[in-house]
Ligand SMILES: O=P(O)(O)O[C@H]1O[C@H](CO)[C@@H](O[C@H]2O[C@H](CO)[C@@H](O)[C@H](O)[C@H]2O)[C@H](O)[C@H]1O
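Just one chain is shown here, as structure tokens, and it is the form predicted alone.
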């Protein structure tokens, strides 16, 4: 397999640019930093850490002497030892993945450790979740779901820390953490993936909102608001002793200004003075404002609906932000703002319906206010955080989905004009 690894660089560079989870738009040199064989024989399973333009990525590669037709779409290249392909599409290899990680005899490569008290069933049929974004998820039977991070950052990971803390305070509305895939990188423990309970029959909020009856989803938005508020309350209990209080929002305004500058989106040139003015209005507010741990990347796709209740998933925060920033306390309204932006996207799916987006906003905020403080009582902060998210979305759509850039640009125009949907 080493010969195959040595010849992979060019093929991986061509393959990586087509992967949704790859953060760049081009690929320079691909250097294999570490290769670990998890399953020997034919088929073989290899775990790779590769360096690409200063970033570190995790890959799972399969190798077969002859690639079957149903894996042809996953092909990457041929080597003297067989065809190399994206192993996450190989149900046979993926069903052996957790057991192979559990049984590894030490060393620097990846390993799987179950959470205390978790009953992990190995060898279940495995399938990859069709929608790939910043990571890849695998479902095992109807018991477990494994999220494998693609871009790897050494250090404490919010997805693990927040789930454990929420479990310790008995939080509801979150999926149970069942195990962690990790390795030592740069001398520190590094999370490569998390295993959680799978919720059979669940539907994510985006699917429900965009494929079901729009009017019927309004009360669900209210229920989602209550669930988010209850998770926020649990996070405050879990991390309460470390939650700082600030008397003003100067640091927040500075942070938003820096992010706008760093994103440098030309389409925002005409809006930039008004956006910066909205950020500067934060400096006039006086608290105290309590900062706490939050979800960090909340949207409809991160909320699952099953058995009449909402469950929040994926507490890793925005994958593009540094881990230090994702692990820092923030305003709880951060999650409210991003969910409101998600409603706007849902309302533009199919026939645009701004009135429906307004109804979802009101229902969600009313639901949240039934548990915690009403987000609508802090319009300056909420609008600034919504603008920040919309600015990020413009940059994202410009890079990945240019046909969608009108959605966040329209939202920025509406928010700056005093409208909210």
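These numbers come from a predicted model, not from an experiment. Residue numbers count along the first chain shown, from 1.
The form predicted together with the ligand is left out here; the points below concern that form.
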Exercise for review: Please run the contact check for residue 321 against the ligand in the model of the complex: heavy atoms, 4.5 angstroms, yes or no?
Suggested key: no
**Study point:** Distance check, residue 220 to the ligand in the model of the complex, heavy atom within 4.5 Å
**Key:** no
Review point. Is there any non-hydrogen atom of residue 243 lying within 4.5 Å of the ligand in the model of the complex?
Key: no
Check your understanding: Taking heavy atoms and a 4.5 Å cut-off, does residue 299 contact the ligand in the model of the complex?
Key -> yes
Check your understanding: With the partner left out here, if you bring back the ligand in the model of the complex, are 342, 389 and 397 all within 4.5 Å of it by some heavy atom?
Key -> yes
Review point. Pick from 206, 289, 140, 112: which residue has any heavy atom within 4.5 angstroms of the ligand in the model of the complex?
Key: 206
Review point. Out of 338, 252, 88, 190, which one falls within 4.5 Å of the ligand in the model of the complex, going by heavy atoms?
Key: 338
Practice item. Within 4.5 Å of the ligand in the model of the complex, counting heavy atoms only, one of 90-98, 275-283, 116-124, 299-307 shows up; tell me which. Key: 299-307
